[in-house]
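Following this are structure 1 and structure 2, which are two forms of one protein chain, each written alone as C-alpha cells.
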Structure 1
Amino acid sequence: MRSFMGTWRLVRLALRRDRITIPVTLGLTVAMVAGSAPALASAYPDYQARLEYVISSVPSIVGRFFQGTIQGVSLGSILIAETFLSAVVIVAVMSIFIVSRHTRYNEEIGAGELIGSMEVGRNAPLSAALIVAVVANLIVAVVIFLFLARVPALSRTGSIFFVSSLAMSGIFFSGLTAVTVQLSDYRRGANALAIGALVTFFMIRAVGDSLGKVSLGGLRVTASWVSWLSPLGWASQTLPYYANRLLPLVLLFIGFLLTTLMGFFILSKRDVGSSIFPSKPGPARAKSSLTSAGGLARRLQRNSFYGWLAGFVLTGLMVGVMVTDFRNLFEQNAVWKQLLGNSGATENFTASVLGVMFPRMAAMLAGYVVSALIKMYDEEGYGRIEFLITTALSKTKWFFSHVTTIVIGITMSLAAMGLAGGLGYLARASVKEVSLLNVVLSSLANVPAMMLFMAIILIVFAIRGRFVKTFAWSFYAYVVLIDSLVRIFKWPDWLSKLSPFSHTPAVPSSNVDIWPLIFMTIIAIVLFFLAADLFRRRDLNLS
C-alpha cells in the first residue's frame, strides 16, 4: 500500500483548498431540495392538489425531458420532478470539479511534480481527490435527509432513496472524472470531457423518459429501455417514494468502481504530466480579432460564455414550455396567487408568471457574471495584467474591455433566454396571451438587475482585488437563496429587497413600472465608472 502513502495528508490539503467551494455547493443543493420540500408541501397540501399536478405533468413531453418521469400522486413525486435532476447536475459538476482540481490541475501547474517528489505514493493524489468527492456527496445526502425527514408527507424510506440516488450520482461522476483527468493534459480539458459525458447522459435519459409509456391510469410514466443506457437514468429509476429500487444504486456503484479502477490503471501506466490525448498545437500567428484589448477579453470569456449561454437557452425553454402548466396550478393555489399578485399584473396570466419566473432564473444564472468577473480578476491574480498594461494599454481601458464584454454577454444571454422561452411558449400554448417580442422583453428586463449585481462586485474588485472571489460567490448565493430563506424562516422582507433581482418589474404588462429599470441602469453605470477610477488609483496585486 506504499503507493497510497500520504493520502490523508492530501485529503486535508484538499479540504482546506475547497473550504469555500464545497460549503457553497452544499448550501445551494440543500437549499434547493430542502427549501423546496416545505414550499411544495404548502403549495400542494392535499391529494386533490397533487393529483392536479400529476395529471397535468404526465402528458408533458417537455416535463419528462427536463424533470424525468412522474411516479404516482404523492408529495415525493412532485419533489422529484421539481428538484431531483437539477440537484443531480449540481452534485455531478461539484464532483467533477473536485476530482480534476486535486489531480490534473496540480500536475498542470507543476505542484503535482513537487508532491510526487515527496514521501507521497503515486496513487495518493487521485485517492485523496476521490475521498474528498465521496465525502462531500455523503454530506450533501445526510444534510438533505435531515431536512426531508422533518416533512411529514415524505416517507423516511423514500427520502433515504432520494438522497442515496443523489449522492451515488455525484460519486459516479467523481469516478468518471478519475478517468477523464488521465485523458486530457489540462484541467479544463478533463472537465469538458466529464461535463460532455454528463450532458450526453442527461440527453439519453431525456429521450428515454420522453419515449416512456403512461401507466397506472395516467398517473405515472414508465421510462423506456433507452433511459437505462444512462447513469442519470439509473439515478431516476430508483423511483424514490414509489418503488424504492436498489438495483440502480448498485449499478451506479459498480460504475464508480470500474471507472475508478480504470483511472488508477491508466495512472499506473503514464508519466506525471502526460496524458492519453495531449494538447493540440495552436496557430503560429494571431488573428486580428484577437490583438486588441476587447479582442483578448472576448477570447478569454468566450468558452465559458458559450457554456452559460446553453444554460440560459435551456432555462428559457423550460420556463416557456412550462408556463402553460402553471395555469392549472394557479387557478387552485393560494400561494401562487399571492406570489403572482405581488408581481403587479394579474390581468395577463402568462405575463405575470414570466414576471415572477424570469428574475428568479436570472438570479440563478447570475453565476455567469460571477464566473466572468473571476476570469477578469484572474488576469490580475495570475499576473498577466502586468504584460498588458505595460504596453500602450491603460488600466482604465483594460477594465472597460472586460466590463463591456460582460455587459454584452449579459444582454445576449438574456435575449437568448427570452427567445428560447418565447419559442417554447408559442410551441406549447393553445391560447397566445403574449407575443414572442413580449417574452424577449420580459427576459431582457433583467439586464439592469444583472448589471447592478455586476457593478457591486466590481466595486469590491476595485478596492481589494483578492477579496473578489469570496465576495462574488457569497453575493451570488445570497441573491439565489434569499427569497426562499425569507419565505421559509419568515425573515424580514427587506432582506430580499437587497437583491437587485427583486426590483425587476413584470414587463409584458399594461402598466409597467419602468423606473426601477432606469434607476438600476444609472446606478450600475455610475458604479462602473467609480470602480474604474478606484481601480486606476490602487496598486496592482502583484506577486
Structure 2
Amino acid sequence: MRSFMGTWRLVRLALRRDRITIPVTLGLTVAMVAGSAPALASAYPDYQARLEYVISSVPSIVGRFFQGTIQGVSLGSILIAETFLSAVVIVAVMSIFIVSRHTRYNEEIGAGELIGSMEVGRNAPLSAALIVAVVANLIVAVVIFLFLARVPALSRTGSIFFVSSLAMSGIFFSGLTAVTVQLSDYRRGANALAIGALVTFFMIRAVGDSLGKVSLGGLRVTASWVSWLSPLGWASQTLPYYANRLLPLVLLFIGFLLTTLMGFFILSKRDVGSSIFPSKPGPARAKSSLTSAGGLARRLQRNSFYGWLAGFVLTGLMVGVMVTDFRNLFEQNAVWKQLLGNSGATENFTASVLGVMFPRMAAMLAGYVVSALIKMYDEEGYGRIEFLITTALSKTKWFFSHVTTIVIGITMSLAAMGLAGGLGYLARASVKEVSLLNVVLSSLANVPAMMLFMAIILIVFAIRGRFVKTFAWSFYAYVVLIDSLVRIFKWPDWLSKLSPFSHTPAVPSSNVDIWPLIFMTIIAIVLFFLAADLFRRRDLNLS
C-alpha cells in the first residue's frame, strides 16, 4: 500500500485549494434543484395544472432533447424535466475539473515532481482527487435530498433515486477523467477529452429520447434503445418518481470502477509528467504568419475555436430543424407564452421563437469566450508573454491581437449558427415564415452582447489576472442560469437585466429596436480600451 501513502494529506491539500470553487458549485446545484421543487409545486399545485404541462411537453421533440422523457403526471416528472439534466452537466463538469486539477495540472506546472519527492505514493494524487470528487457529489446528493424530503408532493423513495442518479453521474465522470488525464500531457487536453465525452453522451441520450415512443395515453415517453448507449441515458433511465430503477445506478457504478481501474493501470505505465499521447514537436521552421502578434494569437486560439464552432453549428441546426416542434409547446405552456410575449417579436410565430431562443443559445455558448480569455491568462501565467514583450511587441498590441481574434471568432461562430439554423429550418418547415437571411441576422444580433460579456471579463483580467478564471466561469454560470433562477425563485427582474444577453432585441421583427445593440457595442469597445490600458499599467502575474 506504499503507492497510496500520503493520500489523506493530499485530500486536505485539494480541499484547501478548492475551498471556493467546490462550495460555489455545490451551492449552485443545490439552489437550482432544491429551490425549484417548492417553486414548481406552487406553479403546478394540482393535477390539472400538471396535466397541462405534461400534455404540452410529451409530444415535443425539443423537450425530449433538452429535458429527457416525461414519465406521467406528477410533480416529480416536472422536477426532473426542469432540473435533472442541467444538474447532471454541472456535477459532471465539476468532477472533471477536480480530478484534472489535482492530477494532470500538478504535473503540467511541475508540482507533481515536488509532491512526488516527499513521502507520497505513486497513486496518492489520483486517489486524493477521486476521493474529493466522490465526496463532493455525495454532499450534493445528501443536501438536495434533505430539501426535497420537505416537499409533500415528492415521494422520499423517488427523491432518493433522483439524488442517487445525480451523484452517480458526477462520480462516473470523475472516473472517466482519471483516464483522460493519463492520455494528454496538458490539463486543457484532458478536460477537452472528458468534456467531449460528456457532450457525446449527452447527444446520444438526446437522440435516443427524441426517438422515444409516446404512450397511448399521451402522458409518458418510452426512450429508444439508443439512450442506453450513453451513461447520461442510464442516469435518465433511473426514472425517479416513476419506476425507480436500480439497474442504471449499478451500470454507472460499474462504469466508475472500470474507468478508475483503467486510470490507475495507465498511470503505472507512464512517468510523471508524460502521457500516452504526448504533444508532438512543431515543425523546425515556423510559418511566416507566426511572426506577427495576430498570427500567433490565431494559432493559439485555433483549436478552441474549432471545437466551439462545431457546437455553434450543431446548436443552430438543432434549433432550425426543431423550430416547428416548438409550436405546441410554446402555444400551450404559460411560461413560454410569457417569454414570447416579452420578446417583442410580433412578426410571426417562427420569428418570435428565434427571437427568444437564439439569445439563450448564445448565452450557453458564451463558454467559448471564457475558454479563449483563459488562454490569454495561461499565456501570461506560464511566462510566455514575458518572452514576447522583450521584443518590439508591446503589451497593448499583444492584448488586442487576442481580443481581435476572439471578436472575429464570435462573429464567425454566430454567423455559422444562424446559417446552420436557417438551412435546417428551410429543409424542415412546410411553410416558410422567415428567410435564411433573417435567421442569420437573428443569430448575429447576439454579437454585441457576447462582446460586452467578453469586455466585462477582460476588465477583471486587466485588474486582477489571478482572479479571472473564477470570475469568468461564475459570470458564465450567471448569464446561463439567471433567467431560470429569476423565474423559479421569483427574484426581481433587474437581476436578469444584469446579463448582457437579456438586452438583445428580438430579431427578426418588424419593429426591432437597434439602440441596445449600438449601446452594447459602444460600451464593449470602451471597456476593451480601458482594459488594455489597465493591463499595460499593471505588472505581469507569473505562476
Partner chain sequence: MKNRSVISISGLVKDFGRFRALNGLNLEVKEKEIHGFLGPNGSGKSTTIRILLGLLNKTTGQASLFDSDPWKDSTQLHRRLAYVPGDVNLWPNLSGGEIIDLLGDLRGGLDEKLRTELLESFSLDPTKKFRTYSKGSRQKVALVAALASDVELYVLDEPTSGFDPLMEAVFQIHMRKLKQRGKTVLLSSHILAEVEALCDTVTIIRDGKTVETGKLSNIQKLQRTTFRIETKKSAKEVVKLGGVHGYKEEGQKSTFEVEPGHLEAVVKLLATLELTHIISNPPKLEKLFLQLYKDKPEAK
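None of the values given here were measured: they were computed from a predicted structure. Counting starts at 1 with the first residue of structure 1 and goes up one by one along its sequence. Take the two forms, superpose them, and find the largest set of C-alpha atoms that agree within 1.5 Å; that set is the rigid core.
Between the two isolated copies of the chain, the form predicted alone corresponds to structure 2. Annotation: rigid-body hinge motion between structure 1 and structure 2, rotation of the minor part against the major part equal to 8 degrees.
Core superposition gives P281 a CA displacement of 3.7 Å between structure 1 and structure 2. When the core is overlaid, the C-alpha of H402 ends up 7.8 Å from its other position between structure 1 and structure 2.
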